[in-house]
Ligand code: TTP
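A single chain, nothing else alongside it, follows as structure tokens in the form predicted alone.
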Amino acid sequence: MRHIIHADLDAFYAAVEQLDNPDLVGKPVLVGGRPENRGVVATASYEARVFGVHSAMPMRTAVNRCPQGIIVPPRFSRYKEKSGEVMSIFREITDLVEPLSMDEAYLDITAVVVGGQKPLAVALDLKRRVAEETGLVVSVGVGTCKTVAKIGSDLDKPDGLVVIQPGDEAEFLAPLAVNKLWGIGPKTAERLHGEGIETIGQLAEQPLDWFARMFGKRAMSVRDKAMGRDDEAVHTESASKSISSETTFANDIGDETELRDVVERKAVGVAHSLERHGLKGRTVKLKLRLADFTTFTRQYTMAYHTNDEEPIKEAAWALLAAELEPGRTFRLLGVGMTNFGEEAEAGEPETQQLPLFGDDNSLPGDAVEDPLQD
């Protein structure tokens, strides 16, 4: 039996700003860009969240909801420094640490528990050390798998601690809203609601053929997770899975010539980054955000791996051209490359793929969200 912790620092960026500037303690802090520059909230302190402010919200909206909010520009080098302190504590507890971002990670504490410590004791020690040694607050979920631990860490924020005992996974998940389950986005949840499914327990009760119809190749994975079963290991490798470059425009852009110039410059930048890292990719991804903040990706898989700028430019432009419509404007554009590997061997089948959406796990109509720290 495995024992997994999911640790998630509370309102991380805002917490660091309050830690470094005591005058901000107890006040609504909005970390992000200025509203006049189309800034977006990267994270908000809990004092600001009571006004309905949340990450990824336009700063202009956040200021309207919380006029007394204090806007602080992000200091990513400082956040990275504090994140390093926290991750060092995690690695002193166990070697099996999988960072998901600067502010959250999975820890496999199975060996520690086998050695005689109780999961609750390990979690309490982790929370105490983070608070005493870094001044930050971390919420923790403890369970026998990643899915349950991650959901647990989010249930009692801030400063939360939820321990799901072995054997109680399905009972713990059953009453929770179905969108608490990883991989169930807004569109998927809406579709499930149309089927009369509101909770994870109701989802878990469905027959296998129903899962196959609703989720296709993801059917077994979603079904198992809904039942509290998840065998995915804690991965310690930190190899790059993608290289990308994006920009948010000061003003929305709809002009084809201007957009083409931006997408080609981004593609060239990605090509140069690939070359510097000694990587070659096969799948070009385009990330777009519309004027109404709808965010989605498109992707194109080439017949070979490359870091040459011309084919990357051509693929990125083709993806963008397919999205251009009269009157449609964009506020963010990004180009990325993934699916790393070596050149295709001679004789390898030259297949090309152009999925409707960049995330194979998305149902038709699901936009792939741009996650910001929270």
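Computed from a prediction, not measured in an experiment: that's the story for all the values here. The numbering used is simple: start at 1 and walk along the sequence shown.
A second form of this protein, the form predicted in complex with the ligand, is not displayed here; the remarks below concern that form.
The partner is not drawn, yet in the predicted complex one stretch among 302-310, 316-324, 60-68, 47-55 has residues with heavy atoms inside 4.5 Å of the ligand: 47-55.
The shortest heavy atom separation between R91 and the ligand in the predicted complex exceeds 4.5 Å.
Contact between A42 and the ligand in the predicted complex is found at the 4.5 Å heavy atom cutoff.
Using a 4.5 angstroms limit between non-hydrogen atoms, K157 touches the ligand in the predicted complex. In the predicted complex, at least one heavy atom of D10 sits within 4.5 Å of a heavy atom of the ligand. For the candidate set E264, D103, D230, E169, a heavy atom within 4.5 Å of the ligand in the predicted complex is found for exactly one residue, namely D103.
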